[in-house]
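The chain below stands alone and is given in structure tokens; this is the form predicted on its own.
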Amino acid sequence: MNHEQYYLDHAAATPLDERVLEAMQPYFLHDFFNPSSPYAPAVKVRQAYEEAKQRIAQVIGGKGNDLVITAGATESINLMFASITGHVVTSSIEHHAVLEAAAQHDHTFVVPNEKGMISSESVKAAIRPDTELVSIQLANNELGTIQPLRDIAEVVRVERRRRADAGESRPIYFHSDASQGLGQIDVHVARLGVDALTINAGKMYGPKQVAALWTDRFVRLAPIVYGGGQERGLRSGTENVAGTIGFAVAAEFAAGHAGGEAKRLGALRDSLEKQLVTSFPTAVISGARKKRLPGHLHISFPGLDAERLIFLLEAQNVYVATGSACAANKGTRSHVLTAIGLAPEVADGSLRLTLGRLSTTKNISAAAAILIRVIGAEMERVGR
């Protein structure tokens, strides 16, 4: 019996890199001191913490002083949204953290095209005189579609200049949830043109429940966690030193190997896609084929039940998803697939296969064979 596991859900969670764990361990065992304490060992820990923040920031082209370390991307997103009072423009295919945060404000949801792409024109049309925040994800967590952030950033800059010229004082910021993408594509705040960026250690082989919000100097944030005044008063609570150290190591390694990893994953993904589409010509590939994360494959098998497929594949040690882990846990149809207009029959037979460091030529080949066998048997069962 084959006991090997085939993990095709890297977009949901990544394993902790052993180098990251090694870097974190001293701060659990020996250098456990509170960085706010005054004595020498604690001061040394404070220095290591601040240095780690600087290293994380450098990966995205920022400065450590402009980072707020949080307990996950959801908190980073909420911190950004809670800091504004006006109208919000975002897309209807964002992560639930963005959608729910936006729902606390007067908001407009921009609709993507059928490939899951958000156009700068649609964002421009949605901006109002009272808009204070535009938030568009770097890459969609279900489809892998990479958004044209530079074009959207220019729209926000033009509106900011218009307000300045008209003597209007209301700010407008451009935020992006970049939880998906770092380690696969270029993520640099200046090149993207963003004013604020959310990044997530748990999606790049770092510790879970550690993330950051980077903001440009002119962005005014308001705290949502009050207490001892840590993180410039924006995120009170004893600093997560070990997690931040691990975040720095993970971010540096991910960014340093992004080019080679993107090429490797893209080749594996294309091979898997070709095998599945060749075996099942009625399969539907969703997302922008030329503008998607290299490790993402969203594929639908019309007429099949994706939830049943997941259980059948799990029995064969193949782990896949129907969409985001959050949506799957709620047992609801993906809001992303609804937004791009995918027919219910197609959407309900959708699998999200996401590759990563655990993916190799050998295990992707083996996983493909199992997928083909299981899906083929299901098609035969339902008479497709």
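Residue numbers run from 1 along the displayed sequence. These numbers come from a predicted model, not from an experiment.
Not on display, but discussed next: the form predicted in complex with a further copy of the same chain.
At the 4.5 Å threshold, heavy atoms of K208 reach a further copy of the same chain in the model of the complex. At the 4.5 Å threshold, heavy atoms of S36 reach a further copy of the same chain in the model of the complex. Within this chain, T215 is remote from the site of a further copy of the same chain in the model of the complex, having no heavy atom within 4.5 Å. When contacts are judged by a 4.5 Å heavy atom cut-off, H298 does not count as touching a further copy of the same chain in the model of the complex. Comment: 72-80 is the region of 72-80, 254-262, 153-161, 108-116 lying near a further copy of the same chain in the model of the complex, near meaning a non-hydrogen atom within 4.5 Å. With the partner removed from view, the residue among R128, K274, R289, H96 that has a non-hydrogen atom within 4.5 Å of a further copy of the same chain in the model of the complex turns out to be H96.
Contact residues in stretch 230-250 (any heavy atom within 4.5 Å of a further copy of the same chain, taken in the model of the complex) are Q230, R235, S236, G237, T238, E239, N240.
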